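Heads up, the chain below is alone and in the form predicted alone; it's given as structure tokens.
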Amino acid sequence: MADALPMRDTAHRKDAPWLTLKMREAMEAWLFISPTLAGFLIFFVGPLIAVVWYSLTEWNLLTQQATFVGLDNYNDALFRNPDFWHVIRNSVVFASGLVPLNMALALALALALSRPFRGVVIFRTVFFAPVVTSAVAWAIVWKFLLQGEAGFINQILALIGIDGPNWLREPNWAMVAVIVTRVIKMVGLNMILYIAALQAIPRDYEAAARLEGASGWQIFSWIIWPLLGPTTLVIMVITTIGSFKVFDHIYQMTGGGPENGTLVLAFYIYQQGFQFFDVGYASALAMIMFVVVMVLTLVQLALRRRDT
């Protein structure tokens, strides 16, 4: 056996004297990751570089004429366009309503459905079904349900003596409507993530705490909630990012109205690029949204590290 190893190594060096074992392993590793790397470069890095370049130009989609203007698009958005800050405010309001409501409801559902009981699979399926439902179909259905007096929701409220508002035609109520309907659609995903995290917590911790006389709230606040920290961070990050990327929901239900009351950043970018055909300005807005989301993500990560 001792003699066989040098002979095998000698044969390998004779076939490719320039190729060491370390170099061969590196080549194999690059070959394995090359499809993923190629997809990343083509579908992420390439478009990102293109958007950065477009944001520095004044490019009309109809005339296909591009003029380099430097940072003028950014200057216009941040300092000369009052609509931009109104859009940012709407985006922050939308995210501030959607993220905590989604996470709280998802955690409540997960706590209720994490333990086995008869019919638990049916309940999980019911709450998760909206996640895989077409977003366009979901928004259209809710648009009909939330109509004025003819809407199903207001008809139900009228039965108990409540005069419901015109949900999608009043600015404040329209924002509430799109937030709530979006939460209902996406809460199932976070519920599943929380259920998986809850089922990974050893039951011995809870049993030991109960033996010490801990109440249900104490068990949750001192044992379950801290152990859910990593999962909560992941859910918070992906839900925050998703809240700033919402487009189809706004497009189908309100179109950014009424009175631009639901005009969020993603839809505003669409308006500038594909309704007003100002690709350069839309690209600058997209880069601003990219930076805002990245900063929010880094802040959340920093807060999590500080807490731990």
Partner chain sequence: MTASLTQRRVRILNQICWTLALCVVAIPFVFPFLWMVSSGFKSAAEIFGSPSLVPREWQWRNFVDVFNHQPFARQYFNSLYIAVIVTGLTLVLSSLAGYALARMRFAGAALVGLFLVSALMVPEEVTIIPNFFMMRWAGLVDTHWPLILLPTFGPHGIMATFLMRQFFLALPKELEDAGKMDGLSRLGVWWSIALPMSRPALAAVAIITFLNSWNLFLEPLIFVSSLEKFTLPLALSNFTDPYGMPLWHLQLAATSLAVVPILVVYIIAQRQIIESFALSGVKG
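In this text the structure is predicted, and so the values were computed from the model without any measurement. For the two forms, the rigid core is made up of the largest set of C-alpha atoms that agree within 1.5 Å on superposition. Positions refer to the first chain, counted from 1.
Beyond what is shown, the protein has a form predicted together with the partner chain; the following relates to that form.
Asker: Is residue 147 a contact residue for the partner chain in the model of the complex, using a 4.5 Å heavy atom cut-off?
Answerer: Heavy-atom contact with the partner chain at 4.5 Å: present for residue 147.
Asker: Is residue 263 near the partner chain? Define near as a heavy atom within 4.5 Å, in the model of the complex.
Answerer: No.
Asker: When the contact criterion is heavy atoms within 4.5 Å, does residue 187 count as touching the partner chain in the model of the complex?
Answerer: Contact with the partner chain, yes.
Asker: Does any heavy atom of residue 70 come within 4.5 Å of a heavy atom of the partner chain in the model of the complex?
Answerer: The answer is no: residue 70 has no heavy atom within 4.5 Å of the partner chain.
Asker: In the model of the complex, do 75, 86 and 233 all put a heavy atom within 4.5 Å of the partner chain?
Answerer: No residue of the spot touches the partner chain in the model of the complex.
Asker: Taking 4.5 Å between heavy atoms as the contact cutoff, choose which of 79, 152, 205, 222 touches the partner chain in the model of the complex.
Answerer: Answer to the contact question: 152.
Asker: Under a 4.5 angstroms heavy atom criterion, identify the one residue in 113, 227, 175, 99 near the partner chain in the model of the complex.
Answerer: Flagged contact: 113.
Asker: Go through 261-294 residue by residue and record those having a heavy atom within 4.5 Å of the partner chain in the model of the complex; state none if no residue qualifies.
Answerer: Going through 261-294 in order - heavy atoms within 4.5 Å of the partner chain in the model of the complex - the hits are 266, 269, 270, 274, 279, 282, 283, 286, 289, 290, 293, 294.
Asker: Aligning on the core only, does the CA of residue 259 end up 2 angstroms or more away between the shown form and the other one?
Answerer: Shift at residue 259: below 2 Å after core fit.
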